[in-house]
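Okay, so here's just one chain, in structure tokens, the form predicted alone.
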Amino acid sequence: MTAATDKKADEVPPVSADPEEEVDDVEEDGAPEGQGAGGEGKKKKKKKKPKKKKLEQTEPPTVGLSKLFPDGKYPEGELQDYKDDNAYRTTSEEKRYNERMAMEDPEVTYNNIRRAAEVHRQVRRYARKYIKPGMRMIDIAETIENGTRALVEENGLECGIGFPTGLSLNHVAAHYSPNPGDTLVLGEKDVLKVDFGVHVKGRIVDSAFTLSFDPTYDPLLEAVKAATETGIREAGIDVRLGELAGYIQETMESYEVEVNGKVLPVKPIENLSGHSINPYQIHGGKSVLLVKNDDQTKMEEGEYFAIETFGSTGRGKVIEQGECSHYARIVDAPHVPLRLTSAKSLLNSINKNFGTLPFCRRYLERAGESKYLLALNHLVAQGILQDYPPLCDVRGSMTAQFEHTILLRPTRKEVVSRGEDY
């Protein structure tokens, strides 16, 4: 899920739950049943035990990770060494000690993050194969969400979906998720951004990719993917956010797209950004813009960032437009007395089911809410909820998005959401 600055499936091999067990034939000592001419007796043989079948993920994914990883240990993401002045961290005894201590702290344990990341990888792998033109957007969203809930073994605010599934099309860059009754269908010429999140104990893994079924826009996807990779490579402890944005911009602007004989530059979307992530808070306060700026804020050890880039063939700037689906309770919202009984009831439901995690209207209905629009808008008007309408470039343009979540460990940088697809 992205941060707007002007307003505050993967080829993962199946994993065996248990090692494959096989027992060779074992001869059993015992009295011979009969005596041959050579004095040899027949001996009974134990029957082979049947091989224990490997537990594999289904398609669509339905098997919870606790069954695939019964030891409770989940795969690391891609590890990258820090650069330049921070290169010493890889072998520093002090930093390695700090990392061991972090691993033992249940509040910051990397294992929760890795569990969420493995869910994302497996669901993403299936989604990439599953999504095809002609499908309803609401069916795509629910397939991704059902897989996420099953694999993370959803349990209230303990673990579940990190934020609504973004399925933004074409000039819509972010924050579109189908509302109840939506009949929109994915078309052959559409460029689709797939952005979804998973959380375990509030540790959110945020990752996104773009699908296009028309090769015309392949260079746009390549540009944005390369810009995300640049952001990941250049990110690190003590890196200034304004400088990091400059590296991202330089990469993206080195690409162009030819559409109907006209060559269009790929522009970074200047008022969208990546962001830090806090427990149960998708936008943690620091922004990684996509255009070079004077922000001297530094990335710090132990922080957790979504490196998220957007490119466009349009003006390179988005505005809010269209029916809203995304909402979130404001973390530091003031206490406001509510006059509407329906608003009080809805807020209680939001606190119980989502806390400060983003949600959408479909999730409210799934939680049993109905006739909630008046109350929902009242909570927005009172400054208790923030609404996040779709973010759109100029109609007729195309936008793309790629995103990974990185963890700035004391010794090395971990791209926790990395998978075989990207």
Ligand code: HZT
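We number the residues from 1 along the sequence you see. Values in this document were obtained by computation on a predicted structure and should not be read as measured data.
Not on display, but discussed next: the form predicted in complex with the ligand.
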- Task: Choose one stretch from 277-285, 143-151, 181-189, 290-298: the one whose residues place a heavy atom within 4.5 angstroms of the ligand in the predicted bound form.
- Result: 277-285
- in the predicted bound form, does S273 have a heavy atom within 4.5 Å of the ligand? yes
- Item | F163: touches the ligand in the predicted bound form, heavy atom cutoff 4.5 angstroms | yes
- Check whether P358 has any heavy atom within 4.5 Å of a heavy atom of the ligand in the predicted bound form, and answer yes or no. yes
- Query: Using heavy atoms and a 4.5 Å limit, would one call K225 a contact residue for the ligand in the predicted bound form?
  - Reply: no
- Message: So the ligand isn't shown here. In the predicted bound form, which residue out of K317, R128, H326, R329 has a non-hydrogen atom within 4.5 Å of it?
- Response: H326
- Only one of K193, H171, K267, H175 comes within 4.5 Å of the ligand in the predicted bound form by heavy atoms, so just point that one out. H175
- Task: Any residue of 393-417 with a heavy atom within 4.5 Å of the ligand in the predicted bound form counts; write them all down in order.
- Result: E403
